[in-house]
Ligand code: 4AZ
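Next comes just one chain, in structure tokens: the form predicted on its own.
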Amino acid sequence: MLEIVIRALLLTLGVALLAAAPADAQRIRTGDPVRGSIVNGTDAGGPIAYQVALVEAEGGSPKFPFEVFCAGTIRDPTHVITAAHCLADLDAPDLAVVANLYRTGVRTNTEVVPVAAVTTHPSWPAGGNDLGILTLAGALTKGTAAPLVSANETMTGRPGLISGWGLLSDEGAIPDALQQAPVSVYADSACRRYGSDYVAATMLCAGGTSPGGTVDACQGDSGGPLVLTDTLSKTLAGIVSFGVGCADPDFPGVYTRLANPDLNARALAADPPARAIPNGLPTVTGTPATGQTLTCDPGTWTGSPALSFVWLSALINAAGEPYDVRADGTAQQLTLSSAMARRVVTCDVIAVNAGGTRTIQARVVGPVATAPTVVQGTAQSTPAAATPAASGGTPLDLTAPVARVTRRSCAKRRCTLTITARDSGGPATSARAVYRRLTGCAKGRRGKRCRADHTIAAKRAGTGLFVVRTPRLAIARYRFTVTAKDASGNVSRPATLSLSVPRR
């Protein structure tokens, strides 16, 4: 249980769970929902029988045109295999699958089925294990299942096919039509640049080339299939999981290895256990004043999970936005010290059962008052009991989004960055990049203006997806610092990278 608490705490604070990748790489953590469509692929020409799209839905009814955020593979008429990271903050009532889909703006001949239960690997994200299973509320009548590889089956060197909807280029275009591309399963050594981020036992390394360049999955294709094409029936060997950027030849795509015996057995389980679902938000009870004790009431849950807790607090600025967010404890109760004065407080509840881990945050309470003064044994004033902190009508959360630059390029003296940003509370609402010239400026005061910071607001390209395009730049090397902000005003930790503007 302690391991789960610590893991959840690190995720909440946006700290990398895995060892750092090479310094010149923008690393994408296992579990980040950032992979999506196919780079340098081709139009699939129609639906792919075993592929489904994942869409968010209210009461099982998704928006149309379909807003595909992840993909999946039909295991049988009532089960879909996908990535655990696609399901991190979503419960069954929030989800539906769309089968027999080709164009996201055409619903003819498609089939929408709500989700009845979500299952994720109970150890995810530790050690990879990026496996999710959706149990459907009804049986699919369209599409066909893809058989799974056998446990311990050898795959290195075998041809495969990846497919999905999503970004096609550095300009951020999202295709209406399903894309596909051939790949090969590489030896694990091809992913050595990922360092300890790549776990060979639970991950596959795959990629390829086409006339257009390096083939890879990208934003939006998470959870989609890597099938082997050297068998009569295309065999599901991997699940789109993570990578560094998109179509970077030094960083091939990483996929969940379904030949791993544990993952294989879980993917084939006849009746996958359902992950716990909260019946409403947890609450913080008690008096928010120094010396007092607050209690995190987890509320009720389906699925009989084991529960653990993480307390978070922050200061609030004049705009009502939190800053200086920190963790303050992992017990169900928290005694407020004098250092908690003027801070708002909330708790995360982490629920774990055989169906996976689900984290949800209570509404913020406070600010914490100082202890009441006492005159002749009588308190001069009594602080009020805990009530939700005001936040302009928007539920306030203390979890900062994680901003990642997932694609970047510089051509014709302009640079383009694609940014993804999301946290357990949902997608970010805005993002920006600050860039500074690093080379070619004069020294001292004369070069001060040349080295000045320039800020560009990112344009929203999708849910939690943003694109930054610079004006025409001098031929030089530049440092970019990217941040994102959510609806409560939480700002992500900066993501920094350097890019060179070429002559062409």
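This is a predicted model, so every value here is computed, not measured. Take the two forms, superpose them, and find the largest set of C-alpha atoms that agree within 1.5 Å; that set is the rigid core. One rule holds for the numbers: they count along the sequence shown, beginning at 1.
Keep in mind that the form predicted in complex with this ligand is not shown, yet the notes after this line are about it.
- At a distance of at most 4.5 angstroms from this ligand in the predicted bound form, all three residues A217, S222 and T463 contribute at least one non-hydrogen atom.
- Here the chain stands alone, but in the predicted bound form its contact with this ligand, taken as any heavy atom within 4.5 Å, falls in 235-243 among 180-188, 119-127, 235-243, 146-154.
- Not displayed here, this ligand is kept clear of G132 by more than 4.5 Å at the level of heavy atoms in the predicted bound form.
- Contact check for G253: a heavy atom falls within 4.5 Å of this ligand in the predicted bound form.
- In a rigid-core overlay of the protein, P47 has its C-alpha displaced by under 2 Å between this form and the one not shown.
- In a rigid-core overlay of the protein, V68 has its C-alpha displaced by under 2 Å between this form and the one not shown.
- In the predicted bound form, the CA atoms of P211 and A461 draw together by 3 angstroms or more relative to this form.
- Relative to the displayed conformation, the Cα-Cα distance from D248 to A461 shrinks by 3 Å or more in the predicted bound form.
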